[in-house]
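Only one chain is shown below, in structure tokens, and it's the form predicted alone.
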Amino acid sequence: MSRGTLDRRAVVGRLLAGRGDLLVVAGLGAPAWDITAAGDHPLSFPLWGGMGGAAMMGLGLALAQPRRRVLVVTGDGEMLMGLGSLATIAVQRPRNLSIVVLDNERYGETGMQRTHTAHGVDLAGIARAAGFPRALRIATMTGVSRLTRLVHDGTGPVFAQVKVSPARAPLVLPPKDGERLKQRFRDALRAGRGPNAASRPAAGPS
């Protein structure tokens, strides 16, 4: 399986451009830094722990908020710890949920050891076998543009394994206060919409 070359920050920036009222859950570590680098937002919930739980948290949110779009951004190491969640999501079939795995083939929080995707494990293939109607493997920004349209306007559940470079990006940390993150997310949900909610994403140049 080829190593990814995409810049993870460019990928996440494209996915969240003009995000409107999109609800975003980020797995611990680099995905949380990535969504924060794209702009800290009250409708983002970055996880500081609970490795393996991001997809299931996204499922619960999608089922509880069926009229809202939900995006989970996580890493390959985190997803490998929660593979069973893909079967549950496929059975529940939430039409408003997208799972995007930024696959750099590394455990970024423990020393950049190679994950199983570096040895050929196909996360998109696993999702497809579990029953996801859309399970994509993406290695170009053109593919990311198509994925952005699916996240914001397609019918889910959507799974995408996006092959990104293992190069480290600068830390851009979200708030560390878990209670504050939880409360601002709840408050934003009650308010109905986040800032800049009127804007919609446009696919950028490839």
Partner chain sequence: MIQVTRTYAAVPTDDWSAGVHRVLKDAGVRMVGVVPDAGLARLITFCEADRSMRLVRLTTEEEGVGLLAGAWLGNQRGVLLMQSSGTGNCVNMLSIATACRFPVVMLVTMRGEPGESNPAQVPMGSATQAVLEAMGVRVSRASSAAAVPTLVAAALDRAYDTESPEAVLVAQHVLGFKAFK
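Numbering follows the first chain given and starts at 1. None of the values given here were measured: they were computed from a predicted structure.
A second form of this protein, the form predicted together with its partner chain, is not displayed here; the remarks below concern that form.
Its partner chain is not shown here, but in the model of the complex it comes within 4.5 Å of a heavy atom of L189. Using a 4.5 Å cutoff between non-hydrogen atoms, Q113 does not count as a contact of its partner chain in the model of the complex. Its partner chain in the model of the complex comes within 4.5 Å of a heavy atom belonging to G49. Put simply, Q65 is close to its partner chain in the model of the complex: some heavy atom of it is within 4.5 Å. Residue heavy atoms within 4.5 Å of its partner chain in the model of the complex occur in exactly one stretch of 79-87, 113-121, 97-105, 129-137, and that stretch is 79-87.
Between its partner chain and the residues L147, L59, A38, V162, the one pair within 4.5 Å by heavy atoms in the model of the complex involves L59. Against its partner chain in the model of the complex, the set F45, G53 and G178 is in full contact: each member has a heavy atom within 4.5 Å.
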